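Only one chain comes next, encoded as structure tokens, the form predicted on its own.
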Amino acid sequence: MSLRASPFVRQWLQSDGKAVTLHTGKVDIGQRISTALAQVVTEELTIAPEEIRVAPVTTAGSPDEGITSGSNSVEHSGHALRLAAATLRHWLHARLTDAEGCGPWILENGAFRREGANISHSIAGLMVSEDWSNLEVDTGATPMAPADTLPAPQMRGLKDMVRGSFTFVHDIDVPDMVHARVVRPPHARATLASVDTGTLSRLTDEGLQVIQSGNFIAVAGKGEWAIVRAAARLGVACQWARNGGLSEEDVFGALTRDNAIRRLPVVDGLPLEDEPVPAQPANPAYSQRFERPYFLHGALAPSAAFAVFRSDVLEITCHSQGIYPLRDSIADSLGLAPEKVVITHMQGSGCYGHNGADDAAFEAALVALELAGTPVLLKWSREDEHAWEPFAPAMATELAAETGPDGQVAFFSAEVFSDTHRGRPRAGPDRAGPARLLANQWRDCDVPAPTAAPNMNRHGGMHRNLDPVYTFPEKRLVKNLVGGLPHRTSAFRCLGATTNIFALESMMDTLAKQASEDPVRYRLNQMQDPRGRAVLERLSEQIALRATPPDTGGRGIAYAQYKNAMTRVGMCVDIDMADTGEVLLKDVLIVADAGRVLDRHGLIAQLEGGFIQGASIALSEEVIWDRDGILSRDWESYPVLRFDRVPQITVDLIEAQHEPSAGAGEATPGPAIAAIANALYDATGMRMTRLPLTADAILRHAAAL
């Protein structure tokens, strides 16, 4: 995909004669992709990491690689860069051979050296002296063999982050810049009835700008704290029509077949159009429904963006993960040609998934258009982020299984219910890109309200990892897109995989106990994938060396391969139970096969971080609301896992260096949730099927038994 859009080597690699600059369309959101991609160039061209620069990702010239999502960065951008570098290496070697003879040229330390002669040509220098502007990437180019001796790269920018000197988009400060804040309604159904004219006059007299279009209202001016106070005053001056408020209907009661606007069978991870939904198992030995609530991205810093409109060009700096689709959506919204909107990515602390970054970018653009020539930095507050970002949709997964005489699964049925996971602003019918920008639902414009459509990609949306990795003789998989639910939803880490893996691995654990089988052995008996089996066997070996949990605790096992195609993970979680009902995470073992490892430290960090986020989702996270609006607007009302609850984590990597690199950014949250639920079952005998597994929920469940 990446090479189809950008087929020339110069689109990926450039040089100033001293250093090599790599270009990518995948943005670094803390997953260390820039570090991993630089390592690819190091491996292919033997150039030291400090002599490799990573260009900012911008619509002004970076490869268009769509959205940085789905753990595809190494597979897409890494693959493209490896082939581009290999193509360049072979081409430069051929040019040297033609020009200076065919004696053995040895490539080391970023230079071709002729053996037995004092002749050396650096790759960076050759890239300047030779004309390779029309050199196309050879998709059949032979990459360098994996090297076992390369040192693990250091994360780019890490020292500055640790020292507090790293510049995030929130930290932009340029001459003549103004700050901006948006005044928001109490909830998504409210509309602006009136604004006190006296307050507007006073703000204008103070040199502040009020920007209003329909229900969109913002204030801008010098001094960030002054604008924060002005926005608060303007908020008090606004009167809102509540229009009945938010629905307080039980969302899980709405996640049903009767409410589905589309029902689609899924075969090999792919939804099928115009195919009948197969019948459910007639006599299941196992049947259970698993549920998760709405939850937040919980970014460390709320969203922000910088924009300026000058010389008929709208320039935006933001932390969006999809700058090309966002550019097109903003251009369409404002009636501008796409080339008149230039978006450059800049890191925002804790950004991933579809949080508020795209909306903040568009809001900054709206203010900048009104203040032509003036740079604008617009920030969301914590309350803005928690109340107005697109949520991860509430979900339900219903499983049923028929088992054979050996207790193994003979017929597996999985049916999933959810709103859309696909709310990012990108092109589609009915101006889908503009429709998914929050401000377009408030301002005076002709953009229609967004409509949900089923994700038809393989392992996309709610059906991600619905198809089990185990070898079940017969399978029935169905996705149900449910509309009319109360909240705006979109992409969250792992999409539907967290819920589907939670359900599947809980089922496997229950059936293993019913069959009096070791939980790892039970899984191995129903798995054919040799690399998956190797992960589970390594997990079993490592578990045998560990102390058993205390009598008040439990041990849970889970396995998953993200999208059935990426990193394989086996996990063991040991817990203890507090008298209060709280789950205490004690010890975690992660065995993973991510194929060829580019950045070992980065891979381990991704696997550990994924576990921590999965644990946070499992144990505490849930959006709460009433008819008057979102109630979980801070870290007290929306608690996340804190440092004092993080367990000891051991990561054991199976480094399959001769296999392709596999995406790992979303490999562990799903099995983390499942392993914790299985550990709770082992400790208490209670099978909890609705997240989060809070102390209150556990005590209520125990009291109901």
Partner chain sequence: MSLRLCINGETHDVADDPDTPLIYVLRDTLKLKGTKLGCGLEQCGACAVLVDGEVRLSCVSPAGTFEGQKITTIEGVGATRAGKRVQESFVAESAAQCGYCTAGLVVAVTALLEQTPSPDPEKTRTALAPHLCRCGSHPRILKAVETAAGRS
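Positions refer to the first chain, counted from 1. In this text the structure is predicted, and so the values were computed from the model without any measurement.
Separately, the form predicted together with the partner chain exists; it is not shown, and the next lines address it.
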- Task: Using heavy atoms only and a 4.5 Å cut-off, decide whether all three of S6, R10 and H658 touch the partner chain in the predicted complex.
- Result: no
- Query: Which of these residues, D406, E474, D176, D173, gets a heavy atom within 4.5 Å of the partner chain in the predicted complex?
  - Reply: D173
- Message: Quick check on this chain: which one of E275, D98, D634, D626 has a heavy atom within 4.5 Å of the partner chain in the predicted complex?
- Response: D634
- Item | Region of this chain that lies against the partner chain in the predicted complex, out of 292-300, 117-125, 495-503, 421-429 [heavy atom, 4.5 Å] | 292-300
- Task: Find out whether any non-hydrogen atom of Q606 is located within 4.5 angstroms of the partner chain in the predicted complex, and reply yes or no.
- Result: yes
- Does the 4.5 Å heavy atom contact test between Y352 and the partner chain in the predicted complex come out positive? yes
- Interface membership of I47, the partner chain in the predicted complex, 4.5 Å heavy atom rule: no
- Indicate whether I654 is a 4.5 Å heavy atom neighbour of the partner chain in the predicted complex. no
- Query: What residues, if any, in 630-650 have a non-hydrogen atom within 4.5 angstroms of the partner chain in the predicted complex?
  - Reply: D634, W635, E636, V640, L641, R642, F643, D644, V646, P647, Q648, I649
